[in-house]
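What follows is one chain in structure tokens, specifically the form predicted alone.
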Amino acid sequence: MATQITAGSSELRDITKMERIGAHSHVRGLGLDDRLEPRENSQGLVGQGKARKAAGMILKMVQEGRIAGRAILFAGPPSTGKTAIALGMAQNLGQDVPFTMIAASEVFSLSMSKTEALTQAIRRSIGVRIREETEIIEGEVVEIQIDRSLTGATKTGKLTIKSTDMETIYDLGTKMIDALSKEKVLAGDVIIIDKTSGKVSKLGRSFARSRDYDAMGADTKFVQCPEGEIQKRKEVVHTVSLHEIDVINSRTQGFLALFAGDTGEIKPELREQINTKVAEWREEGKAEIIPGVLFIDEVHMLDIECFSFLNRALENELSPLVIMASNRGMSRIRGTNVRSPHGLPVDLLDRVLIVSTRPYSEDEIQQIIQIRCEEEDVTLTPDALNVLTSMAGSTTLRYALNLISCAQMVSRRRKAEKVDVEDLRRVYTYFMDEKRSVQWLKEQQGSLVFEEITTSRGDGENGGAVGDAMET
């Protein structure tokens, strides 16, 4: 979107907003058809058919509100699309269903307890759809009369408003006059006034006034004159998360804490009161709970206390669907000397539905590289595409994707429109992958500073930090 900035009297400049290209900015959904069957290449996702179908089935159950309080684990090798599938789910969920994404290590870096950080993430993932009836005045403005006193301190006025069936005159106070002036309401505009809050919203200009002016702006919107009564009752729906309700009720500055980000720890007593109130609203039909999704990436980084808390939180009546991702095999559970699959305790694994992802085939890697080239606006020659595909097979997919923009920089230096094999060869010599890095370290043995780690074993298991070093 271009923004026009006036510098001086006649000079105009267009400043174009720069779109940042992220690692998963090409993902626009799960790429499933109406029968939840995965397409080979759709919405930015390629391959992983079984995992995507499983994610689509989970998504369907989330939208029907049937899978709250359960946990899903995406397990697979690095760079097999676990985070991409989770982001595809977020895109398909829509605006109303809350989706919260955290990395497990975030829990330890915040200035609050681990359980409080997890609680806030869980409550961010539960939406409350609140319905309330409000009285509104809706119609086309016929005339606005504003009378000011000699000093200008007091203002009074009359608003004549009509629908297709009737016409009414309202007396205006100072606040309503200010609200109408702020919205720049003129005769011929169709407006809505909320009687409880006094908020004025302008819907557009009436079709009957479309010929009033010879020239109009591109953003001028024409609407029909409302039918029926001017004053009517209307149902308004707000969707907020439980965490937002917690923050608004916990601090003196109210909702401003949401923007400041300084929410701090929230008392459990307050949360209990809010849960009770939400339960009352549900019984009265005023509110409806929308269980959302909490995605925890690199879940093996959580410790045993966090896992115990998650176990208990999943049993709670107000709990979202928890989706976790891990690339570990048999791994030590943080905070213990116990080894367990995926680095998760066995009692939590027992609750979890596990979805596995597999390494990509050569054809799938080639399609992913083409998608990323389109996203980064890079053109590869057919030979360069084949070389980059084989490079991804011998090194890693992430390394190959990182070389795309680097190779483009090299090709620009020689004023070429397409990235060729020579550009890829050059950046391949500039940047090492993991295997060549290890090989280089072996060759440099003695030149670099090394620190010897002594191992002490007790009870057949590695102890504390030594165990971590051995696993690494």
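For every residue, the number given is its place in the sequence shown, counted from 1. All of these numbers come straight from a predicted model, not from anything done at the bench.
Keep in mind the form predicted in complex with a small molecule is missing from the figure; the text below concerns it.
ask   = Thinking of the small molecule in the predicted complex, which stretch from 316-324, 281-289, 72-80, 141-149 has heavy atoms inside 4.5 Å of it?
value = Selected range: 72-80.
message = Can you tell me if residue 116 lies within 4.5 angstroms of the small molecule in the predicted complex, counting non-hydrogen atoms only?
response = No, no contact at 4.5 Å.
task = Classify residue 44 as contacting or not contacting the small molecule in the predicted complex by the rule of any non-hydrogen atom within 4.5 angstroms, answering yes or no.
result = Flag for residue 44 set to yes.
query = Wondering, does residue 344 line up within 4.5 Å of the small molecule in the predicted complex on heavy atoms?
reply = Residue 344: no contact with the small molecule in the predicted complex.
ask   = Taking the shortest heavy atom distance, is residue 360 within 4.5 Å of the small molecule in the predicted complex?
value = Yes - in the predicted complex, heavy atoms of residue 360 and the small molecule come within 4.5 Å of each other.
task = Could you check which residue among 368, 296, 310, 89 gets a heavy atom within 4.5 Å of the small molecule in the predicted complex?
result = Selected residue: 368.
request  = Work out which of 161, 401, 385, 352 lies within 4.5 Å of the small molecule in the predicted complex, going by heavy atoms.
outcome  = Partner contact (heavy atom, 4.5 Å) among the options: 401.
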